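For reference, the chain that follows is the form predicted on its own, supplied as structure tokens.
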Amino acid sequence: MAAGAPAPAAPKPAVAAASPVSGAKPPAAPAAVAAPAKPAVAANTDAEMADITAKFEGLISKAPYEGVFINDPARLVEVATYVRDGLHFSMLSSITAVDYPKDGVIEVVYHATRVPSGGKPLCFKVRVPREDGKCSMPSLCGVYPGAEFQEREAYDLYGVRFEGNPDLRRILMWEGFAGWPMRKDWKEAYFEGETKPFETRWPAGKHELAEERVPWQDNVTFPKDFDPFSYTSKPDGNIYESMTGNRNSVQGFPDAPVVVDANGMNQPQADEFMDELKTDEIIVNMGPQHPSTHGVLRMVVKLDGETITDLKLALGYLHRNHEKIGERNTWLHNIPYTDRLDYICGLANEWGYVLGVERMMGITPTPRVEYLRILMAELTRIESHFWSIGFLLNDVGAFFTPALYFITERDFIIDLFESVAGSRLMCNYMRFGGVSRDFTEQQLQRAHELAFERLPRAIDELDHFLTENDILKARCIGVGYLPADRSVAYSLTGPCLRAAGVGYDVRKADPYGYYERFDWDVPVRYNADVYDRYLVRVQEMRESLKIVQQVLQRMSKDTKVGDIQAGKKAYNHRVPAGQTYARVETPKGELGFYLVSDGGQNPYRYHIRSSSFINLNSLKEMTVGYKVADSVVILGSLDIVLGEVDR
């Protein structure tokens, strides 16, 4: 276990969310959506690595710092299948790659998790040559469907070809982009330096504009053998040609006979009544514009009438290569950059990053810091859910009115953030081993008023007016169904997974901070639809309030005012050589940071496991078979933010 890492605690049983309006709890989970069997013992990765090494003798070797190497990439699928079925690591949390040009290899890194029991993730790695034509390995989409988008990202940014991926196109860059931008030898236009601080800025400060330093004609990089006279622009690759859905393969048609496919999924089949109304199949682009697609997201849908028969996503319109920037920043520089991922819940993002660096540095924060972090993170969860529910209602058709009421309540929370951290959204509040500022007595009193008076009333009002609303229920119940086993397979996390009956929450499954010291529960619903995702978020706000109230009651007597930094403050840090995967439970789901240090003042590898990005991987299966109007509501129930999706 990494130094400074909290010991895993046994998770408390999850509870079903009850509506204060009806008071009724849902029935026990039906067999069709039951959560995967819970192993008797929480994950012990040392024991699991010994098991896998013995099982595949000669194939597996211990990797530096964490995890194991699979020495023959051709047997990756075999090993991953055993990890899933034999060791019960049912979710593939993270896939990323690391470039080691001196060794001539790209290292692909996997982290698998036991769900719902949790524990530390199991790490396994594969190395492939960097040379074009040799940089390939098998896809794990057949074992873990949640690998699809993550493999496409590793292909897009590192050039690793995953043979067998069903849609291996670039996902953040455009088809025809020259090079693999996350490799160490890739240079962008106006390249200034490998790492910050740049010599042109510090210490001499003799900076000149990049446009003057590098003339425009030297900034264009063309692919090998590029011919402008024969070039045809095709930025999305074969996205339209690859859409194969048709009504005979669509699930969700009413009154159609049901069969069960090889994956155990119900697949209603088209019946004779479908031929009574003749329709044409067309492809429609929805987005990229903000209304209804929650940012610059483009949904390409294939329609039979108004029924969606296929769906693909075009991402990357907001991509700025956050991770490349992060590897050039110093370790401390990256904290404010994490605010700009999911800018609705920046404080939760900061915690995930500083947690990883603290583990690598062996820093244990003070008790007051842990209390302050939980206080800010749980207030962030509440304000994020207010925002999410307000815009879900916007998607349903209640244009603006509910959202404005909920944004008003959210503003009271971010007013507090501004008074403490100096900013409403981009707070830059957390530090390695500490936080930037303590709460004053007046700020604590304001937090107390919010937690015990205003916010409980606001959540009750939200619940009273919305939960039993007939229109909301008609638009959301039974819509966007994705059962527990498929949700886990797609690496879905957060309220969307818990709405499918799986009580997996990183705060319980792999505890961090002081969460195990407080009395709170993980809300769970079992119908796996848009309505239950809404209900889970409402109940999560109540559970977060319970945590905030306990923090405020204990903090003054358990901690010392002003004790907000472990060790010395520093403007620059040299993190010991190592690797770690740190994760937190944000309002959207599991946010992970895979960090690699070579002992210097800049990260060698800085990767974000984005819950918004990975949750989108399940959108197609949630949406196919429903109507166009339903697709907007289903997307809204995922609660994505494009700043985190595209990074």
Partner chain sequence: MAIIGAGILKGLGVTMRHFVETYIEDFKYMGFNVDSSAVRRQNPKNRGLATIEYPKEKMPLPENFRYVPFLVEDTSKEEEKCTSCGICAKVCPPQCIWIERTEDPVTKRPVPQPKQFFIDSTICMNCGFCAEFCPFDAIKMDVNYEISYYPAEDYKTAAADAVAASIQDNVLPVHGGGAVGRLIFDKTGLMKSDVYHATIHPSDWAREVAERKPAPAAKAAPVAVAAPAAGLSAPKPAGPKMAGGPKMAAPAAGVVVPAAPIVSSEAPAPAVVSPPAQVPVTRPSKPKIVGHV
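Numbering follows the first chain given and starts at 1. As the structure is a prediction and not an experimental result, all values here were calculated from the model.
Just so it is clear, the following notes concern the form predicted together with its partner chain, a form of the same protein that is not shown.
Colleague: Report yes if all three of Lys134, Arg359 and Thr559 come within 4.5 Å of its partner chain in the predicted complex by some heavy atom, otherwise no.
Modeller: No, none of Lys134, Arg359 and Thr559 comes within 4.5 Å of its partner chain in the predicted complex.
Colleague: Of Asn469, Asn321, Asn285, Gln553, which one comes within 4.5 Å of its partner chain in the predicted complex, counting heavy atoms only?
Modeller: It is Asn469 that has a heavy atom within 4.5 Å of the partner.
Colleague: Taking 4.5 Å between heavy atoms as the contact cutoff, choose which of Lys184, Arg517, His464, Lys546 touches its partner chain in the predicted complex.
Modeller: The residue from Lys184, Arg517, His464, Lys546 that makes the contact is His464.
Colleague: Where does its partner chain sit in the predicted complex: which of 123-131, 503-511, 452-460, 518-526, heavy atoms within 4.5 Å?
Modeller: Of the options given, it is 452-460.
Colleague: Within 4.5 Å, heavy atoms only: does Leu355 come near its partner chain in the predicted complex?
Modeller: Judged by the heavy-atom cut-off of 4.5 Å, Leu355 is well away from its partner chain in the predicted complex.
Colleague: If we define contact as a non-hydrogen atom of the residue within 4.5 angstroms of the partner, is Pro73 a contact of its partner chain in the predicted complex?
Modeller: No, Pro73 is distant from the partner.
Colleague: With the partner left out here, check for me: in the predicted complex, does some heavy atom of Cys427 sit within 4.5 Å of its partner chain?
Modeller: Residue-level check for Cys427: yes, a contact with its partner chain.
Colleague: Is there any non-hydrogen atom of Gly193 lying within 4.5 Å of its partner chain in the predicted complex?
Modeller: No, Gly193 stays farther than 4.5 Å from its partner chain in the predicted complex.
Colleague: Is any part of 184-207 within 4.5 angstroms of its partner chain in the predicted complex by a non-hydrogen atom, and which residues would that be?
Modeller: In sequence order, Lys196, Pro197, Phe198, Thr200, Arg201, Trp202, Pro203, Ala204, Gly205, Lys206, His207 come within 4.5 Å of the partner.
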